[in-house]
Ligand SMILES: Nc1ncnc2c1ncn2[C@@H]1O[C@H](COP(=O)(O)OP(=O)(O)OP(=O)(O)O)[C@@H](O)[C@H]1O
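Shown below, as structure tokens, is a lone chain in the form predicted on its own; questions about how it binds or moves come after it.
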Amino acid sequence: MSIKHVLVVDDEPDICELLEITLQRMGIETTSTTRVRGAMDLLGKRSFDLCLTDMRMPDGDGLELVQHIQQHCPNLPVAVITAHGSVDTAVNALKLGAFDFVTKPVNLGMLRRLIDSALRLGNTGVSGETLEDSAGPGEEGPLLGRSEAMEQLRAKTARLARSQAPVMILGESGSGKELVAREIHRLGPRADQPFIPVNCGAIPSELMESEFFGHCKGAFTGAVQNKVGLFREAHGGTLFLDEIAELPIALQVKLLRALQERAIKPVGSAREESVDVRILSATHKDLAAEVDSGHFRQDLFYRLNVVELRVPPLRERPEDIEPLARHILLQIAARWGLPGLSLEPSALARLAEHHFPGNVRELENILERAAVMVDGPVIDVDALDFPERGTAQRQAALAINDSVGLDDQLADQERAALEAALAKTGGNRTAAARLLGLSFRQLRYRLKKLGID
């Protein structure tokens, strides 16, 4: 394994010495300079594995160096060191392409984790030279589709995996925002660390602070033991905040502080705990409009929206319907034990004509229902059941606003009907299916879905 070499750019002798000692103890070679121009000259003479630069030097600032590296050494991770309270400057560096930042006074634990993450970029297989290749139609990975929009999305996702910048993922319900977030995590240096997704609209407001930051035993009624919290669960990895627009203002304030200080304070605790978490957020709402209406804090919006990534709806990429449908059928076949599932050409043509207001999630639902309804492995056009116009949007809204209650009620009703039929027929599934007006295949699907033995 080759020895790594880091370029250190800082005109403060104490900081420079601290960085050099830390790196050398990690078995890393260093080269130091006190000038922006000196750093640019060194970058032209040899290659480095990482650049650590202060923001203020006698002949310029770190932003100039970040831009220079992005232009001339795009595969080189660069991290900036900024004064405490100057996080906005560091955010600007992230927008320009910096990998990450650390504030003064430097926390050595966080510095080591930053260095380790940056150096691991070379082992992820994601580099400026291979971005387009890795995003090509032959190597789609989890983000399926042959449309130009999906090729661009894969390329952007791969680039964002090389940074620790917060990303705001925008897209309609059912378009695959969490899948994109998981791909950013999978391709990045935190891939072997936790990926923790959380639906911000599904947590009761009175429990949010405890859920995010944890609590100490006895902090409130019912706190019978310590709770770690989502930030600590995601420590070293990625925290994905889905439906971020649903956060109440009170928690937005606390979240902003956690992001600024890179520290959290559990409920009932007197001390803060440092956390190392990459934040990815998503929403189907117009978050800028939420800011204008006073429902979302502007300062938090700018902190989370350092980089914006839009997931295109399915109706804008109809050429992706066929590969998605085939992939979904393979998943359904494996999940429900239905080998050889396929679509008749007429069924595929009908899917291509559909508007898909519910996006990929709606396509999954249509195909799953069709797979259960047909008697054989081939799905024809008659087996496709499309919701009435507007139904998918209403279902998506219900899923966001009251998903737990609605799903539980429907599942309970279905479970009661199935169990009653099985009880009446003495457990004879063929007879129970006949009693319910279902095929045996449909009954088996519903029993497995609800976990009924």
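Start at 1 with the first residue shown and count on from there. This one's a predicted model, so the numbers in the text were calculated from it and none came from an experiment.
Absent from the display: the form predicted in complex with the ligand. The rest refers to it.
Student: Here the chain is shown alone; which of Pro142, Pro197, Gly236, Pro318 has a heavy atom within 4.5 Å of the ligand in the predicted complex?
Tutor: Result of the distance check: Pro142.
Student: Can you pick out, from Glu209, Asp276, Asp242, Glu183, the residue that has a heavy atom within 4.5 Å of the ligand in the predicted complex?
Tutor: Filtering the options by heavy-atom distance leaves Asp242.
Student: Please determine whether Arg303 contacts the ligand in the predicted complex, using a 4.5 Å cut-off between heavy atoms.
Tutor: Contact check for Arg303: no, nothing within 4.5 Å of the ligand in the predicted complex.
Student: Should Glu246 be counted as a contact of the ligand in the predicted complex, where contact means heavy atoms within 4.5 Å?
Tutor: Close contact is absent here: in the predicted complex, Glu246 is far from the ligand, nothing within 4.5 Å, heavy atoms only.
Student: Within a 4.5 Å heavy atom cut-off, is Val360 in contact with the ligand in the predicted complex?
Tutor: Val360: yes, in contact with the ligand in the predicted complex.
Student: According to a 4.5 angstroms non-hydrogen atom cut-off, is Leu179 in contact with the ligand in the predicted complex?
Tutor: Taking the distances in the predicted complex, the answer for Leu179 is yes, it comes within 4.5 Å of the ligand.
Student: Indicate whether the candidate residues Asp10, Gly60 and Ile81 are all in contact with the ligand in the predicted complex, with contact defined as any heavy atom within 4.5 Å.
Tutor: Spot residues vs the ligand: no contact at all.
Student: Within 4.5 Å of the ligand in the predicted complex, counting heavy atoms only, one of 226-234, 69-77, 168-176, 112-120 shows up; tell me which.
Tutor: Going through the listed ranges, the match is 168-176.
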